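This document starts with one chain, in the form predicted on its own, laid out as structure tokens.
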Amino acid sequence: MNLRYLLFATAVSVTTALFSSSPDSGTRSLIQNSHARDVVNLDGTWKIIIDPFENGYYDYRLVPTDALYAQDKDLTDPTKLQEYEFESDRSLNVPGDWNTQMDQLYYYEGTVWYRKRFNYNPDSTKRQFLNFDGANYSSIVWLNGQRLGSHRGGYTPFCFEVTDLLKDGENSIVVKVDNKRQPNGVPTVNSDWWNYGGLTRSVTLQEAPSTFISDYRLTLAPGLTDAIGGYIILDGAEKGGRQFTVKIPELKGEITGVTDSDGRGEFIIKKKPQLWNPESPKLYDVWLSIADDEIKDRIGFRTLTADGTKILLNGKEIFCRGISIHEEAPYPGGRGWSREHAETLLDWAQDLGCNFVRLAHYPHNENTVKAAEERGIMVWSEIPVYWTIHWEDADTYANAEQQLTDMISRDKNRCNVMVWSIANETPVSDARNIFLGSLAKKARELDSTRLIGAAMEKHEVAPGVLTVDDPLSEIIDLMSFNEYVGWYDGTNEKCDSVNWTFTVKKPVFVSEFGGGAKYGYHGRATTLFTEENQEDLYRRQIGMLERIPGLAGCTPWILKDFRSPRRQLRGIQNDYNRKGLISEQGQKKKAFYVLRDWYEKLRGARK
């Protein structure tokens, strides 16, 4: 252990105590696999009020009021002046972003109030939870005029218990959603993707018994391939001393146990499963039950380690033939959210020859992760600690850690998730090192079965010699970095002459490279934004990649053109980052075939 690592690790240990993380006011812990329960789907048309001055929340002194719009009143009292009414205002579809549903909201950043009325007859023997799969960025929720709580972060789920607030008959949900960028937010005010606002993922009302299975984990027992270990956690007044059963019918595996006083029960099932891998993505039906509650999931089992410069899946070296993906609908339409959106994007990735996707730069919706698992596609999952955020702000750290915790909590049973990524392109500083070191420590505490990664940056140590010299590389499990040789760093020809060297012996993972091209724009290979220039860059990049020692995978940037307000070149970009291998209309560019040919060559060489 060198001195720099020792100082870094010591600083992380000392500083972790300075940061604390807790859910935003009113939220509760996530319910694992929540959609496996009986649910009332609240998706569809919601009424809205656009409120750029936040008149529904603050008075003229900018003091929070009793949230006027949250009362959801109609114009029925002639003695009282009322200057809003949901019923006569506009509507938006949920899930969905407001930017692409209404022209006047295309660039809008601010508050939109959502309201949904629904009829419900609560079962008095059960508990009810209102669940949001995602809302960007800050949300406050009311049910029948009563504030439930708030949430920050645009890409992780949150829920509230509403058992005592639901009425028999008509109920009303009001949500204040605010997508204004915040200097101390995660991400902060500067990023390179569209700031889609709204209730961008599904909203459901879920029922559960008074004591129910709130969480569970199944994975191979440490160091074994013939035993499945795990735990089950109950929530409710009678959670302690409860008998539980876990079954894996196909393996003829079944075990019964009893929870402790905290409602937690651990178990080991001595069965040898077929291991999940990209060529054979085996999943098993798993049943978990107590006397009055039962949950079903489909779970795969595998081992994952880093050994020197190799990534070992089930003890065998694997090369990650990847691509980066943003969560946008495959064709123009804004934020992607559905199973259909996920299937189309993953179809394109598999046509490219990928066995791996980097879901950048935030946790993607659950449909994408599950569809990838079923197809045998490995996943890099990331939180939006992006570029330069407020490293010394304890509240910013708490927000980042909560997003990390929620990402891991939601997807810990998805065996295809290989990498928890804690950051992208963050400039090195002491404060940043401490911040990210604390996140890496937290990720390992939550889940020791995945690799910890981050997209670092490279630099030139000598003419024509590139490296990554970042103290974070000694903390995380991958030598993972973005490089862009030939695009932001020299011309295409530079790829032919540079070489790479690394002092840290870990698997090398190039998390981004590439360049822009507008589909259908043709010309010389030296002309920027032509398909020929992108095609030539990919050919030369592949030659360079083949010279990188210890290369274990890559995720070029990016599968599909995506919206970004930074990309303003009229006639070429038009609010799109053009580094996609596929256009926003689904058209494949010439570079797509270059990468596909290389991946086919790699696949054949490793059979």
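Don't overthink the numbering: it's just position in the shown sequence, from 1. Nothing here was measured: the structure is a model prediction, and the numbers come from that model.
What follows is about the form predicted together with a small molecule, which we do not show.
(request) Go through D178, D215, E512, D470 and name the one with a heavy atom inside 4.5 Å of the small molecule in the predicted complex. (result) Of D178, D215, E512, D470, the residue with a heavy atom within 4.5 Å of the small molecule in the predicted complex is E512.
(request) Name the residue from T396, N171, N482, N277 that puts a heavy atom within 4.5 Å of the small molecule in the predicted complex. (result) Filtering the options by heavy-atom distance leaves N482.
(message) Considering non-hydrogen atoms and a 4.5 Å limit, does the small molecule approach N533 in the predicted complex?
(response) The answer is no: N533 has no heavy atom within 4.5 Å of the small molecule.
(request) Find out whether any non-hydrogen atom of Y107 is located within 4.5 angstroms of the small molecule in the predicted complex, and reply yes or no. (result) Flag for Y107 set to no.
(message) At 4.5 Å between heavy atoms, is N424 in contact with the small molecule in the predicted complex?
(response) Although the small molecule is absent here, N424 would touch it in the predicted complex, with heavy atoms inside 4.5 Å.
(message) Test of understanding: in the predicted complex, would H35 fall inside 4.5 Å of the small molecule by heavy atoms?
(response) It does not: once the small molecule is placed as it appears in the predicted complex, H35 has no heavy atom within 4.5 Å of it.
(message) Just to confirm the contact call: exactly one of 41-49, 575-583, 537-545, 56-64 touches the small molecule in the predicted complex at a 4.5 Å heavy atom cutoff, so which is it?
(response) Residues of 575-583 come within 4.5 Å of the partner.
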